[in-house]
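Just the one chain here, laid out as structure tokens, in the form predicted alone.
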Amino acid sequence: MPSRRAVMLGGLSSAALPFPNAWGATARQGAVELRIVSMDFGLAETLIEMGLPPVALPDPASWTQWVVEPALPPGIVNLGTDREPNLEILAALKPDLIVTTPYLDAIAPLLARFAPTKTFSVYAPPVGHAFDRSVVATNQLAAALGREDAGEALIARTQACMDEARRHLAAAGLAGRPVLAVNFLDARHVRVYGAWSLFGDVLERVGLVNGWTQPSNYWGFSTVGIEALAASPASRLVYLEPIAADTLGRLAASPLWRSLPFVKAGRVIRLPAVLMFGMLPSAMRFARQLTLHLAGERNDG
């Protein structure tokens, strides 16, 4: 199976990233130190927002490429890849808890040799709404750490963020407008986020409409040729970084791209990176970026 990083990348190019050499700080639960290892970026961002950052996770150097915020605290230990973590480092860390997802079920027994291991499910079959599952997983994670108050506070902040974004977008006259949210895999193909995705759920909560109505997988996306996007001609297209350096140039030279209704109308907007398989912190970042760029109509066609 591909790594989580490969799933995120799809067809995007990416340079090799170095291992950091610091050992990281310990998280705290009241006066009790908790050394938590997260095998997933969505769980890691949730821990950070709850004030309990992990001591280690796979490939932390790519955090600024995919997650951005919340910022990753300095000194997080690099475990290597998610499907093949460095077991010597894991043993040396002596974690109190390892948190993971069903995506890594195959190595869960291995992880359990080093610490109690808990699995939290957001992106897994059967299909379900990523936002709602993120709320459930946040409550479960907070309960596992004895920090129910921190989990409830994060959920409340997320709801307040959705409400604020909804007010701003309505004030800008955008309520009910359709939006297509995509990542470019190359100049001919995109990953478009549908009804089950975190992005699709946020679109609904901030008063917009998801322009992609076709079925999506349990990760919440469909991989299609760009011509398929013409099925939603009234939509604004928002595409997220990262994007391969030559893709925009190839799009600009493509008659097919230039023929799409939202391109001809100048309704193409570039957004900074947001973790597409994240949890509530990513939902807040996506809502804020939508508000900032759509309300200001910062186009990049």
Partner chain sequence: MADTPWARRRARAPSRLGAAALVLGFAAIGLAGTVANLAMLLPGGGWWAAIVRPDAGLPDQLLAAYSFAPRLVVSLLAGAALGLAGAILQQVLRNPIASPTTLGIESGANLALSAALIWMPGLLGFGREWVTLTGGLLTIAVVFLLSRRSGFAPLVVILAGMVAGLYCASLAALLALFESHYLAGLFLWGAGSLSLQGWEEPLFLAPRLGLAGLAAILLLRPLALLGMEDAQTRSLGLSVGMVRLAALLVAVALTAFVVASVGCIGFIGLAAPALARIAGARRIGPWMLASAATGAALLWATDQMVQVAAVISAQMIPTGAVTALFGAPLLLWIIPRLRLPPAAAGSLSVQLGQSVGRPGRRLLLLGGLLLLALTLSSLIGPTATGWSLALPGDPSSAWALRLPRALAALAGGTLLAVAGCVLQRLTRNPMASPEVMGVSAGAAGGLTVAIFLIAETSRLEQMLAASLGAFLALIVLLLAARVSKANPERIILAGIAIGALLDALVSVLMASGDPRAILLFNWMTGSTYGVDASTAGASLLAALVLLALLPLVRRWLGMLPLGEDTARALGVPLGAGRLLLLMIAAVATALATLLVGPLSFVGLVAPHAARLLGLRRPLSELYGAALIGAFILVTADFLGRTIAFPWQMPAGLVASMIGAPAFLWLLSRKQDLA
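Numbering follows the first chain given and starts at 1. The shown structure was predicted, so the numbers you read here are calculated from the model rather than taken from an experiment. Only the largest set of C-alpha atoms that superpose within 1.5 Å between the two forms is called the rigid core.
The form predicted in complex with its partner chain is left out here; the points below concern that form.
Just one of 130 to 138, 146 to 154, 100 to 108, 172 to 180 has residues with a heavy atom within 4.5 Å of its partner chain in the model of the complex, so point it out. Stretch with heavy atoms near the partner: 100 to 108.
Is Glu204 close enough to touch its partner chain in the model of the complex, meaning at least one heavy atom pair within 4.5 Å? Flag for Glu204 set to no.
May I ask you to check whether Ala244 falls inside a 4.5 Å heavy atom distance of its partner chain in the model of the complex? Yes, Ala244 lies within 4.5 Å of its partner chain in the model of the complex.
Although the partner isn't part of this model, could you tell me whether Asp96 comes within 4.5 Å of its partner chain in the model of the complex, counting any heavy atom of the residue? Flag for Asp96 set to no.
Answer for Glu84 alone: is it within 4.5 Å of its partner chain in the model of the complex, judged on heavy atom distances? Yes.
Heavy atom within 4.5 Å of its partner chain in the model of the complex: which of Leu185, Leu72, Val209, Ala195 fits that? Just give me the one. If I apply the 4.5 Å criterion carefully, the residue I get is Leu185.
Could you spot which one of Met276, Ile48, Val238, Ile36 gets a heavy atom to within 4.5 Å of its partner chain in the model of the complex? Partner contact (heavy atom, 4.5 Å) among the options: Met276.
Are there residues in 220 to 256 with a heavy atom within 4.5 Å of its partner chain in the model of the complex, and which are they, in order? The stretch touches the partner through Phe221, Thr223, Val224, Gly225, Ile226, Glu227, Ala230, Ala244, Ala245, Asp246, Arg250, Ala253, Ser254, Pro255, Leu256.
Using a rigid core alignment, state whether the CA of Ala253 is displaced by 2 Å or more between the shown form and the other one. Yes; Ala253 is a residue whose C-alpha shifts (by 2 Å or more) between the shown form and the other one when the cores are overlaid.
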